[in-house]
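For reference, the chain that follows is the form predicted on its own, supplied as structure tokens.
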């Protein structure tokens, strides 16, 4: 879809969506002793060698760059789980499979900064890309069946997918609203005119002819 590369179509750029996804918690295994770190988002640590702990993705990447930890990949980011998800996504009339809201951004950052911590990394990356493509195709098909409505509900849609579909969905709903509004205005005018009291006839009445 064009929104993947065109910042004028999607609401946020890919970099902004990735930035928001960096707040997701991931598990790391420190290799150093460090007191808890205090941030506006919360306190993380204490860090003890070989004791797993959860930190935001941005902090995990910073520690990994300094050689202070290794990543423990999330359970969904494995060949077996991704294969099952891909097969389910390809089923006809299937719904979107549950995945982390920022699964694309999490996977991309892990591939860039922790590839040595991901078993079968190249296979995992290929599966993630296939899942993304299948879901985008499914998303396009769902949008093609839009009908006039005041709300749109799609479960298990990721941050990237929401970012791509939101501008189109907004424009489509506005078009449906404008298309339906003239009929509604006409109906309202007809209703109001039927409820208006008729003006009284003040002309003198002719006397009835006596029999």
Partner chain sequence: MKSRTLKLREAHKVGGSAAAFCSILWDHKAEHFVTSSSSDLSIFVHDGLSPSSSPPTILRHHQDGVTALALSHDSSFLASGSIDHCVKLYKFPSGEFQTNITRFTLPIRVLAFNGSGSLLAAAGDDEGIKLINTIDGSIVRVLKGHKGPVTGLDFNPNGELLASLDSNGTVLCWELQSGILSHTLKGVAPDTGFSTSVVNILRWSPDGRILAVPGLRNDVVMYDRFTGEKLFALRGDHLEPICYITWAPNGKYIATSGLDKQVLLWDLDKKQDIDRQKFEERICCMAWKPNSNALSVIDVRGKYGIWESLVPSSMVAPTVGIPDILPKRRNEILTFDEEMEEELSASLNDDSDDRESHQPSRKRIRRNTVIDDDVVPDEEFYDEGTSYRKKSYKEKHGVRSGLPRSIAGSTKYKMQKPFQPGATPAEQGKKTFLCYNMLGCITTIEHEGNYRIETDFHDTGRGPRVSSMIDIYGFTMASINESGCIFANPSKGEKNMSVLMYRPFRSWASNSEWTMRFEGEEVKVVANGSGWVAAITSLNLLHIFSEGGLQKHIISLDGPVVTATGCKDQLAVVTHVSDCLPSNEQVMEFRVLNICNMTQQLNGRVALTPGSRLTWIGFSDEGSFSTYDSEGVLRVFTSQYGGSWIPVFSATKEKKQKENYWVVGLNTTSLYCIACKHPEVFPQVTPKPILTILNFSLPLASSDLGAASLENEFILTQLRLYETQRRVDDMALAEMDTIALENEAFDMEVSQDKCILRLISSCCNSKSFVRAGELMRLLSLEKSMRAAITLVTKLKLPFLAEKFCSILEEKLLEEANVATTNQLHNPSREAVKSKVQNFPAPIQSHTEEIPKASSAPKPSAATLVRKAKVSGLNLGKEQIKRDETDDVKKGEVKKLNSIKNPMNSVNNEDTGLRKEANQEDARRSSNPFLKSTV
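Residue numbers count along the first chain shown, from 1. In this text, all values refer to a predicted model and were calculated from it rather than measured experimentally.
This next part talks about the form predicted together with the partner chain, which is not shown.
- Message: Given that the partner chain is not shown alongside this chain, does residue 36 nevertheless sit within 4.5 Å of it in the predicted bound form, heavy atom to heavy atom?
- Response: Contact check for residue 36: no, nothing within 4.5 Å of the partner chain in the predicted bound form.
- Contact between residue 64 and the partner chain in the predicted bound form at 4.5 Å, heavy atoms? Answer no; every heavy atom of residue 64 is more than 4.5 Å from the partner chain in the predicted bound form.
- Is residue 31 one of the residues lying within 4.5 Å of the partner chain in the predicted bound form, judged by heavy atom distances? Residue-level check for residue 31: yes, a contact with the partner chain.
- Quick one: does residue 138 come within 4.5 Å of the partner chain in the predicted bound form, counting heavy atoms only? The answer is no: residue 138 has no heavy atom within 4.5 Å of the partner chain.
- Task: Heavy atoms, 4.5 Å, the partner chain in the predicted bound form: which of 84 to 92, 97 to 105, 68 to 76, 123 to 131 makes the cut? Say which one.
- Result: Of the options given, it is 68 to 76.
- Which residues in 44 to 63 have a heavy atom within 4.5 Å of the partner chain in the predicted bound form? Sequence-ordered list: 49, 50, 51, 52.
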